[in-house]
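A single chain comes next, written as structure tokens; it is the form predicted on its own.
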């Protein structure tokens, strides 16, 4: 064993392709541009849960590939999405994150639009000559929107395959949990992280970092044999748990009996843990009684908008809801035992790669899709390479 000099530190690891990642993927502006154009402009991404739009004309604003969009439920019950941009002079239409609007009115010149994206009104339309500018021609830019298991997804690519083709079988093990009883969002948190979007998303794909969390060392690492843990990867870069992992909550002070005090979600036992990561940057994580959905949206090479939702059972008794909120916040709230530490880890890696002190990340753990295998990370970067046309181990030409 010995320390390394600069030459050996900077050299590519002597490993198979796909088993290491260059720090340039987190910092290089040209790579970020490629991701924007070749990944985020084309992928299906989670926008919101349909419970966030319960009534006709309810809307929810969100971001995709640096653009503001909104989803709105029409009077026909259909959820549609549009660029949050007036077709007249480009002003942003909706400033509030959520609300209800039968007609959407641009503050600038008072043009109006309905929940189908039709232009419903143009003040003094007679001032425009010809028929280029009219209510019939000036509708909003609609964005493809599909809903699966109550999850609303959008894509900016009109030619993208349909959502079910993109997701494939990745959500099969979540279907009963998400649809067996009506769910609703009871927790929403957003934060801007000083790291690349992939650095955060990696925390949801990397089981090896369980050792970082005291709560996981106490409740999860030793709750079942590593060889009995099952991971699975799917086409299109998705991957997660292939079987339920277990948690032993009695191992952590204050967690004893967790999950036995309220009914678990459909298809889950109180101690079950499962997760799935949908390429490029959505994660769904469930722990017996609650579900968390993460969405990481890039704001630049070293800035990420993180949105986190907690879901519980719609219409449940208030005493059940309070317990469910406690279960969620124990791990995943802003002051929980997991999320703050994951944030610190993602930003700590960003600090190293931003200054080019860190050169490579190693994702070479191979345990045959059991234990703490890095297979989900490798599947992600295989898809990333396919989409960007870059080798994650050497993404920048020398």
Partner chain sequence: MREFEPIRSLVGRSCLALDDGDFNGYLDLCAPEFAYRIVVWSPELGKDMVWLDHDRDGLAGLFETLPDHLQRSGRFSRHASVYTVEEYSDAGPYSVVSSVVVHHTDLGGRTQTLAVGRYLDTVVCIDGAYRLSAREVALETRDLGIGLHVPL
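Numbering follows the first chain given and starts at 1. Since this is a predicted model, take the numbers as computed values, not measurements.
One more form of this protein, predicted in complex with the partner chain, exists but is not displayed; see below.
- Site annotation in the predicted bound form: the residue of 73, 258, 218, 274 reaching within 4.5 Å of the partner chain with a heavy atom is 218.
- This chain lacks the partner; the member of 269, 78, 212, 223 within 4.5 angstroms of the partner chain in the predicted bound form by a non-hydrogen atom is 212.
- The three residues 144, 146 and 298 each lack any heavy atom within 4.5 Å of the partner chain in the predicted bound form.
- Shown alone, this chain has one stretch from 334-342, 35-43, 351-359, 366-374 that lies within 4.5 Å of the partner chain in the predicted bound form by heavy atoms: 334-342.
- When the partner chain is considered in the predicted bound form, residue 164 lies well away from it, no heavy atom lying within 4.5 Å.
- Among heavy atoms of residue 52, some come within 4.5 Å of the partner chain in the predicted bound form.
- The closest non-hydrogen atom of residue 67 lies beyond 4.5 Å of the partner chain in the predicted bound form.
- In the predicted bound form, the partner chain lies within 4.5 Å of some heavy atom of residue 325.
- Taking the partner chain as it sits in the predicted bound form, the stretch 143-164 never comes within 4.5 angstroms of it through any non-hydrogen atom.
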